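Given as structure tokens, the chain that follows is alone and in the form predicted alone.
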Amino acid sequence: MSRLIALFAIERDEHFEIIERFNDKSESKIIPKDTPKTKTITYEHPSAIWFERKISDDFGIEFEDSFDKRPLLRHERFPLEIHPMLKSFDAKKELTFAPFKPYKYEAISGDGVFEVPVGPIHAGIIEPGHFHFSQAGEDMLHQEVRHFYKYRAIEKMVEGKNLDEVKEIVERISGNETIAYQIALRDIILQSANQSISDELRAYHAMLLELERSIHHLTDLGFIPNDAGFGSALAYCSALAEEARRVMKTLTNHRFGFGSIQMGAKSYDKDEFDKWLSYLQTKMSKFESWIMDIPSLWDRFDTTGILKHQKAIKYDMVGVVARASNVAIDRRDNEYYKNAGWSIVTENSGDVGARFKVRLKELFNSIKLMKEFNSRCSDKDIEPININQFSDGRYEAFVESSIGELYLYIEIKENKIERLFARDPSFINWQGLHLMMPGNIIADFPLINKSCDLSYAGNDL
């Protein structure tokens, strides 16, 4: 069965177009404006449900026979007749809030079953997200994730701009994946200009992507044990993650690498960077020996938050979450990365322990890749190529971010952006989080959630 990657709508002059992007094909459906309806595909692809609900909220298109027609982006008092992605939407027009209508959460009923709401405001310094549990004592029976509390209107914001004007917007979609989003935009810019970059610059960009991946894997390798009560791992890995952030700033002039993926690059101290990579490898080898030999920790990790292999496939999961359930999906699976030393990392058990192990192994692989890419980089400044003309057309890019497969679609019309659609890996993986809850107690939820490390911002465009 094909894997669903993205599902989104575009408004044309006379009709709507819905694009269904699968891993092996792309299909287009024409929807008349006078009867904006089409059939749901959620029975073949459950992960389509958020896409379809988003399209309904954005454009007013109905998906017939859908098992869930609740609003996704439109919260309790959102104006009823407003669909913000329509060309006719006027952001300057004063809106009238609708009467409050409670959101109907999914819940299990029965004797002794009760509901536990968590969020959207949390005790920790995190972004807003709501988690709704059905409980029988401490046991989790069901969970529903509800996000989209900070609709930023990014898709609308970029309409009518050219590709150069949206760089600072796209790279800030998700702080976890700044480099990944920049590389996706770079690929689309190169496609639209029919240009290419040098081998040295490509290696430099690939090196920064692996550095970004390493930073987030280091952070997770500390926080996952911390949520199991082992704070020493957090202290150890946080120190290394902070050092890695400073290395990122040394290379790019920013701790998150904003503005770093350009059509040229400044030289840097390659020997110093290689020494730091060797130091990081030594430190993480010690960490591996230490962390893998703590039975009480692995008693919490093993068999907690299991995502079965078939469920991961059915729900089109990506990234570490998929690979920990033995689904071998990674956008780096190509000759360029293989020749640099990349190899797929998978685990079979699909639990917290598996997701931890995948991150640890991938970190060592990223260090190996960075060493190779560093050796391919230039010792001198790379002069930028000049790109100022973009051909009209439809373009798409795929990048394996630290969370998983990222998809970016941009359509250019008269040298301006007609439509931008970004599918963050978290938009897919958040939908599969509930599959990991049954059979666990509610105290394990933070541990399971952290083991997936999903982006709120990347999810809430």
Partner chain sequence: MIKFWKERAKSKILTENIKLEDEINILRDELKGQIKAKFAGSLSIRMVDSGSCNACEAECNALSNPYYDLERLGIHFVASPRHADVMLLSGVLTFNMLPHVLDAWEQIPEPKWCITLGDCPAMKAPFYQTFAIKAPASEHLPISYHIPGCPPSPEEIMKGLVGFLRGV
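Positions refer to the first chain, counted from 1. Predicted model only: the values in this text are computed from it and were never measured.
From this point on, the text means the form predicted in complex with its partner chain, which you will not see here.
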All of Trp50, Val116 and Gln143 with a heavy atom within 4.5 Å of its partner chain in the predicted complex: no
Given that the partner is absent here, state which listed stretch (347 to 355, 156 to 164, 332 to 340, 201 to 209) has heavy atoms within 4.5 Å of its partner chain in the predicted complex. 156 to 164
The listed residue (Met263, Ala136, Ala239, Ala193) that reaches within 4.5 Å of its partner chain in the predicted complex by any heavy atom is Ala239
None of Asp274, Glu372, Glu243, Asp302 but one has a heavy atom within 4.5 Å of its partner chain in the predicted complex; the exception is Glu243
Verify the contact flag for Lys270: yes if a non-hydrogen atom of it lies within 4.5 Å of a non-hydrogen atom of its partner chain in the predicted complex, no if not. no
Please check if Asn176 has a heavy atom lying within 4.5 Å of any heavy atom of its partner chain in the predicted complex. yes
Closest heavy atom of Glu94 to its partner chain in the predicted complex, within 4.5 Å or not? yes
Is it the case that Leu73, even though its partner is missing from this view, gets within 4.5 Å of its partner chain in the predicted complex, heavy atoms only? yes
Since the partner is left out here, which residues of 251 to 272 would have a heavy atom within 4.5 Å of its partner chain in the predicted complex? His254, Arg255, Phe256, Phe258
